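To begin, one chain is listed below as structure tokens, in the form predicted on its own.
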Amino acid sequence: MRKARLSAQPADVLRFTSSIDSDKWIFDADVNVDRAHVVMLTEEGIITAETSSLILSALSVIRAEGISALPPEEDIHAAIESKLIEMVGEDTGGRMHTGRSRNDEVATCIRMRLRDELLKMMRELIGLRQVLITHAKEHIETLIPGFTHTQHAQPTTLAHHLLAHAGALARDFDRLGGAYTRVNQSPLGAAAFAGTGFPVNRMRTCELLGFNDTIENSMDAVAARDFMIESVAAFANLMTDLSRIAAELILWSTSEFDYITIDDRYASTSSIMPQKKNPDVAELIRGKTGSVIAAATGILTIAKALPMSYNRDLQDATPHLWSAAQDTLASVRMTAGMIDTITIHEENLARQATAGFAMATELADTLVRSCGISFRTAHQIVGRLVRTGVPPSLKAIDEIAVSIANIRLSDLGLDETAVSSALDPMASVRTHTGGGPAPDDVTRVIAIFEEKLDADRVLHNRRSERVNLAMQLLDRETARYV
């Protein structure tokens, strides 16, 4: 492309401007974009069927040989065109780029590859949510300590805890799905930014490549990178949720907690300390979260002040996109594997469920229900009880109530049975509905989550099938001319 307008480019400048290392992500997409464009050019009478046959046959060979067989060029698009011209001559191969620019070509390729990454990520996320729901079903009555501020708060159940993560991940799925709808729009046919004077059929290439629609404004089509920002922001949100899970797995697997044992497959050992079993996979998920957040920041910073329409700065945004997608996809898969294989130490969890006077809130609620006093008064009575360190009993509660409010709660209906029940963690759990850990309520929430998961699975299958059918159509239409 340089030879008519520009002199030769020094090797160090070529290395600096080259995107070929990151372009390996879009090699298959680029060939498919070329095929769809050539089929459309042929159908519209812009190139002949004979020319189309030679180009499409050569593209099949290029695809089979792979990116490693391409000549050195500054980007994948130029490398494929250069290889094509080498195979069929410039008079034939040089016609492939008719009515097209690298600007709309690369935007289309990125969207296609990102679409595939989103579909894979959503599939893995469905699997992770299923793992959480399956294990929740098995632990509806498994007591665990609940925390706020990393301090013992109230007892809950493992099912309730797992479903909290499942709920967050369901919203992550929705965010990825929202990004998908805006990624899956075709820029092809916009050319450099002002469209083309050739009678190209944008809806035909849109159909052949499996896009839902075209981007109507040609300048917006080549300049827009908001779809990348939205996608990586969704990755960062998902990774933040995965990092919270990872942090808990790390903490819970320590000797101090001893709530769980992480499977050996997701751990490593020390090079010097033979006894060590390190939660490396969970730690790496926690670490990669920072990398994905950095990628989102990188793309935002690159795109924040660019004038319309295409600028070469955007080339540096795509490596951030691919690294973020790769890290997030792997992290979802690793998280599912870790959760599905952990060993739960139920006795330790149950024993710790009432540590740190975790039944204090239930005791205060019992004083309100049994005696009709205000919650704030009950809060002061139980707070004083905790502060003094006296074992909770009807006598101790009465003494504190007299000193604080000049009332004897035993005279207002409180008895030893009510106190004893308030200190029973499972009895407390059974009263906490409204999305809480009560077994019946957890069972209700599981049914809702499973219904949503089934609907998401159907939606994902429909999206994947639409893309697969488009690729099959492209293969058939290509075969007509080869």
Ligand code: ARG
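The shown structure was predicted, so the numbers you read here are calculated from the model rather than taken from an experiment. The numbering used is simple: start at 1 and walk along the sequence shown.
The form predicted together with this ligand is left out here; the points below concern that form.
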Among the candidate stretches 390-398, 169-177, 261-269, 312-320, which one is within 4.5 Å of this ligand in the predicted bound form when only heavy atoms are counted? 312-320
Considering non-hydrogen atoms and a 4.5 Å limit, which listed residue (R102, R95, H135, R204) is close to this ligand in the predicted bound form? R102
Which residue, V106, A221, V332, I381, is the contact with this ligand in the predicted bound form, using a 4.5 Å heavy atom cutoff? V106
Does D75 reach this ligand in the predicted bound form if we count a contact as any heavy atom within 4.5 Å? yes
